[in-house]
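Next up is one chain by itself, shown in structure tokens, the form predicted alone.
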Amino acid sequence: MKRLSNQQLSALPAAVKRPSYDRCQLTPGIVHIGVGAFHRAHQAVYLDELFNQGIGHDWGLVGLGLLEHDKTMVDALSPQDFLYTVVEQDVRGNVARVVGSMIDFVHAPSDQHKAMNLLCDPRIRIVSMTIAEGGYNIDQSTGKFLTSHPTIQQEAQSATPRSVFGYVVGALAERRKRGIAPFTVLSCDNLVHNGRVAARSFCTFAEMRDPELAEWMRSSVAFPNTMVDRITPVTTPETKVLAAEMLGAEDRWPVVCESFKQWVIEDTFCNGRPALEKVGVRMTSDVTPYEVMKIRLLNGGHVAIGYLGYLCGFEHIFEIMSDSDFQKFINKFWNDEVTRHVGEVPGVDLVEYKRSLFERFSNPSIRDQTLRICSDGSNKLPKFLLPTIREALQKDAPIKLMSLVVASWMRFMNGTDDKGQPIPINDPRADSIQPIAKRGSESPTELLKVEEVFGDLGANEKFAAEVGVALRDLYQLGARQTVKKYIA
């Protein structure tokens, strides 16, 4: 079987969507840091759709990998001319498209000079990123950039970039020195006010190096807030087989995702932008209502069913959603406790939005692994759930189900499910949190003192009491019977 490439585009089956534009006419305009499945199924697809309209060919994407393991993707996509397949799946069937918006991919650890030259190229006017919730080096309890981190301290005093902070701030400093206009820093991560978070992180790092540079960045560099949404499971061997069957060609790193996608961007750029509104992106002066809606209902909903579902033995999210107890649980979680803290969202009917979420979570074609949803919980809880609990406590509103979700994370971090099977935990704080979860067992007291996760929320007596009751139920009754008790 021949491999996907520019040469193979014309030979693809008629049902496969492909670039209608001449890829040779694309020139670089955006560098994206953190090229993973989500970026390739989301931002890159929007740009591909824009280019298909004959618009914005000076906004070609260049991937930038800062981690050693990013070379695996570079090696997979480079022989394919950076083409790859996105397979959209829903109950109506599968639709394959070949995306051509990425024109190059630079691996920084292999060539730091090339990476820095790329970021200093005047044609690059946006540097976007998906570096995960924990990638911004923010203290969850204070919201401040962790300047005391040893790696950050070392990099701030070195001229050699290693992290996203060293590369971005170093490039902005060089552009300022050469009189080149700065690029917009566009966060595409699941954080409320992700632009503000990015500004705080990068400007604080810059201040550690040069206060004048930091001041210039605050006044000259744009950090728009964004809301991004598309459920994108990890690529599996089965994904590759599916893509090959649909293409009649080999793709070493395809992506599978749902058909739904959404992108809301604060229209604040310092050096131009592509006309993304022409392909369905909502440009607005205030992203906040959309951020809150998505993070509290979608991401919070995923967390709500993820840990409980995994403890019950469900491997995939759609399997959890096929269970009548969990159907009742997620609706009760949304309707009784969370929605009141979302507020009005311009142009959105929240009842319809929750219905669509229910359908998206239930999509059997998207075999989203429960374990993926459960990863990185110590970073996800403070962003997706705990702010809603804080607001509920201030308003004396119910927190019973949300407290159960917190307790389910604590039970999960113990490291075994309800059948005694070991849990492969993927969490940056696992080494410090898991021993506490094992030692404390049915009591949440010590875990609630982990300030990096709970801040001062752990000291709230009502919250601690609710979590304590839920955690004891999970250990004594098991996750299944606890869910039944809480929906009764």
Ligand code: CS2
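What you see is a predicted model; the values in this text were computed from it and never measured. Start at 1 and count along the sequence shown; that's the residue number.
Unshown form predicted together with the named molecule; subsequent notes refer to it.
Peer 1: Looking in the predicted bound form, any heavy atom of N190 within 4.5 Å of the named molecule?
Peer 2: Residue-level check for N190: yes, a contact with the named molecule.
Peer 1: Does the 4.5 Å heavy atom contact test between F384 and the named molecule in the predicted bound form come out positive?
Peer 2: F384: contacts the named molecule in the predicted bound form.
Peer 1: With a cut-off of 4.5 Å between heavy atoms, is K380 one of the residues that contacts the named molecule in the predicted bound form?
Peer 2: Answer yes; at least one heavy atom of K380 falls within 4.5 Å of the named molecule in the predicted bound form.
Peer 1: Given that the named molecule is not shown alongside this chain, does R273 nevertheless sit within 4.5 Å of it in the predicted bound form, heavy atom to heavy atom?
Peer 2: No - in the predicted bound form, heavy atoms of R273 and the named molecule never come within 4.5 Å of each other.
Peer 1: Of the options H302, R175, R296, R97, which one has a non-hydrogen atom that comes within 4.5 Å of the named molecule in the predicted bound form?
Peer 2: Flagged contact: H302.
Peer 1: Which listed residue (I373, L404, M410, V255) meets the criterion of a heavy atom within 4.5 Å of the named molecule in the predicted bound form?
Peer 2: Partner contact (heavy atom, 4.5 Å) among the options: I373.
Peer 1: Partner absent here, but in the predicted bound form, which of 213 to 221, 227 to 235, 325 to 333, 278 to 286 has residues with a heavy atom within 4.5 Å of the named molecule?
Peer 2: In the other structure, the partner sits against 227 to 235.
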